[in-house]
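Only one chain is shown below, in C-alpha cells, and it's the form predicted alone.
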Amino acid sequence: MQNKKKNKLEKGFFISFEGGDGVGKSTQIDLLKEYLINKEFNVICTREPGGTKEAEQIRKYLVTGNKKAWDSHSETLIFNAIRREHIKKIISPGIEDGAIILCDRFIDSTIVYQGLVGKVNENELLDLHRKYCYNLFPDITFFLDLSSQKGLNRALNRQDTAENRFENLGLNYHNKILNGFDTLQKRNPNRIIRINADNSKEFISSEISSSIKKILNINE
C-alpha cells in the first residue's frame, strides 16, 4: 500500500521486521506506517513471502498445508525467485522514488529459517542473494524478540489459522528459530536492532519510532 505525501527522501529507506512467528510484526508495521505518514513520508508496506501479485499467489503454498510439503533447499529456491521479483517490482522502485519501505520479513528470515535452522549452507544462500536478488539488504532491521512459547501461542490463536505450516513444526523448531535470530543480531548489531517484544504494543511502537526518529533525523 502506497501513500504519497510531501516529505520525500532524496533516497528511499528500507526497513524490515524480523522475528519468530507471532511476535507482532504486522502490528508494529501498521503503527510505524501511521507514525511516518503523520510525519508526511511516502510509505510502502509489503511482505515476504509475497509483495507482488504473483508472489502472493505462491505464498499460500509456502505458509499453509503440510509442514513437510517442501524441504529447506526447495524453500530457498522459491524464496529467491519471488524475492527477485519483489525487489525488482516493489522495493527498488520505491527506494528510487524516495519512499520508506516497511517489509514483513526479508533475507534474514531465509538465513535463519532455511540456513541456520534448515541446514542450507549459508554461503550458498548469500551467493544466491548476490547473484539473483541484487545483494540488497535492509538499511535497518527490527528484530522483535519474544519467547518462542509466547509467540507460538499467539500465532496459533490468530483468526487466520490457515497460515500455520511453520507454526505446526513445534516448539523445539521455534526455539531454534529464536536462537537463529539472536545469532544473526549479534553478528550484525549495527543493522539489526533488538526490540523486547514482551511489552505492550504501544510501548514497542514507541521504542521503534524513537529509533527511526534518530536514524532519519525526524523533527517533532
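Predicted, not measured: the structure shown is a model, and the values here were computed from it. Sequential numbering from 1, following the sequence displayed.
Keep in mind the form predicted together with ligand TYD is missing from the figure; the text below concerns it.
> Which one, R194, R191, R59, K67, lies within 4.5 Å of ligand TYD in the predicted bound form by heavy atoms?
By the 4.5 Å heavy-atom cutoff, the listed residue in contact is R59.
> Give a yes/no on whether Y113 approaches ligand TYD to within 4.5 Å in the predicted bound form, heavy atoms considered.
Looking in the predicted bound form, residue contacts with ligand TYD include Y113, since a heavy atom lies within 4.5 Å.
> Look up in the predicted bound form whether G180 has a non-hydrogen atom within 4.5 angstroms of ligand TYD, and give yes or no.
Output for G180 is no: heavy atoms all beyond 4.5 Å of ligand TYD.
> Is there any non-hydrogen atom of R158 lying within 4.5 Å of ligand TYD in the predicted bound form?
Residue-level check for R158: yes, a contact with ligand TYD.
> Looking at the partner-bound form in the predicted bound form, is S109 within 4.5 Å of ligand TYD by any heavy atom?
Residue-level check for S109: yes, a contact with ligand TYD.
> Within 4.5 Å of ligand TYD in the predicted bound form - does that hold for a heavy atom of every one of F13, I87 and P138?
Answer is no for this spot.
> If you look in the predicted bound form, which residues in 78-94 sit within 4.5 Å of ligand TYD (heavy atoms)?
F79, R83 sit within 4.5 Å of the partner.
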